[in-house]
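Before any questions on how it binds or moves, here is one chain, the form predicted on its own, in structure tokens.
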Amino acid sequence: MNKLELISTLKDRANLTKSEAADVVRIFFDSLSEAFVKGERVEIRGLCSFHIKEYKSYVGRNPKTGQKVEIPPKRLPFFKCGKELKERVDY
């Protein structure tokens, strides 16, 4: 399912207009993004949780030349599936 399919499903099930459904989805994703920027954990009970993992810098190698390259530190969102979702998928 992609974003447009999510908007369409929300429109049909919640009896919203397409623009109202798009606003709901936009607000949801904007709120998620804002929480990630702040480094906050996001938990949606029964579905999943997200948290930000911080990775330190390290020395890697360019696979083409074999030259050592300094990889800068980074912060990435990490997804963890909820128990109820696991059970629904792995019936």
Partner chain sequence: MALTKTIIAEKIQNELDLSRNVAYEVMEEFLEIIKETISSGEDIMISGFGKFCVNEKKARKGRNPATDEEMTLPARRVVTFKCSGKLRDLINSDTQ
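Keep in mind that this is a model prediction, so the values were computed, not measured. Positions refer to the first chain, counted from 1.
What comes next is about the form predicted together with the partner chain, which is not displayed.
When the partner chain is considered in the predicted bound form, residue 46 lines it closely, a heavy atom lying within 4.5 Å. The closest non-hydrogen atom of residue 37 lies within 4.5 Å of the partner chain in the predicted bound form. A residue is said to contact a partner when one of its heavy atoms sits within 4.5 Å of a partner heavy atom; residue 57 fails this definition for the partner chain in the predicted bound form, lying far away. In the predicted bound form, the partner chain sits beyond 4.5 Å of every heavy atom of residue 68.
Taking a 4.5 Å heavy atom cutoff to the partner chain in the predicted bound form, the contacting residues in 1-29 are 1, 2, 3, 6, 9, 10, 13, 14, 16, 20, 23, 24, 25, 26, 27, 28, 29.
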